[in-house]
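The chain below stands alone, shown as structure tokens; this is the form predicted on its own.
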Amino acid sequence: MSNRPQTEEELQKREAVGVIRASRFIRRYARSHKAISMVTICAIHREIFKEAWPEIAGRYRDENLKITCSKHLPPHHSEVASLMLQKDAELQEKLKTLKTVAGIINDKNSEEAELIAAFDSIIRIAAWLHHAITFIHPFREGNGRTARLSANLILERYGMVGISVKIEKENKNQYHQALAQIDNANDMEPLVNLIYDGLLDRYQGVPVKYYGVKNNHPY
């Protein structure tokens, strides 16, 4: 499978396998002690596309893009590398604040308020990274998939489970509106709530039962 697929059907199959491969990659990476950086994000993208579209796999785009069904115009391709470097510095600062979170979650004596704050910190950084990738759109293709998997890497590294953000049918508009709300008003709440909904689906109500989560306040 070293050559480009010759049909659209084969391309879709290879990309689907690539997403599964990338999901396994982040699961392994989350359990490791390796640093999470924009280099890691490129590695996630490479896992998705290395058999489907090898010439773009893990590489920043060298052309300008327009996003279907979105008013957002991604930055000029010449700005991508510097913007990702800037976001990487921000990411490292944000991840420093999560160093004590794992201890709080694993401490059976932690107070409920501490747990809620710890969960909230993880989810908000996952949402921030998700938006940073979709805003810059650093890759020729697969930015949304890479963003969602990258958010899962944050969740899984700090003691949660990966989720599936539903973006089909009516949920697709909700997803795009959540990203636009950050662009337009720096309001993270809609995207945070989507991640929260995904966690509830995966945990099947466990956070609500044990941590007193309110429907209008994620973790």
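Numbering starts at 1 and runs along the sequence shown. These figures come from a predicted structure and were not determined experimentally.
Below, we refer to the form predicted in complex with a small molecule, which is not included among the displayed structures.
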Triple contact flag 36, 92 and 124 to the small molecule in the predicted complex, non-hydrogen atom at 4.5 angstroms: no
The small molecule in the predicted complex: contacting segment from 176 to 184, 152 to 160, 55 to 63, 28 to 36, heavy atom within 4.5 Å: 176 to 184
Residue 72, heavy atom within 4.5 angstroms of the small molecule in the predicted complex: yes
4.5 Å heavy atom contact, residue 88 and the small molecule in the predicted complex: no
Non-hydrogen atom contact residue 77 with the small molecule in the predicted complex at 4.5 angstroms: no
Heavy atom of residue 128 within 4.5 Å of the small molecule in the predicted complex: no
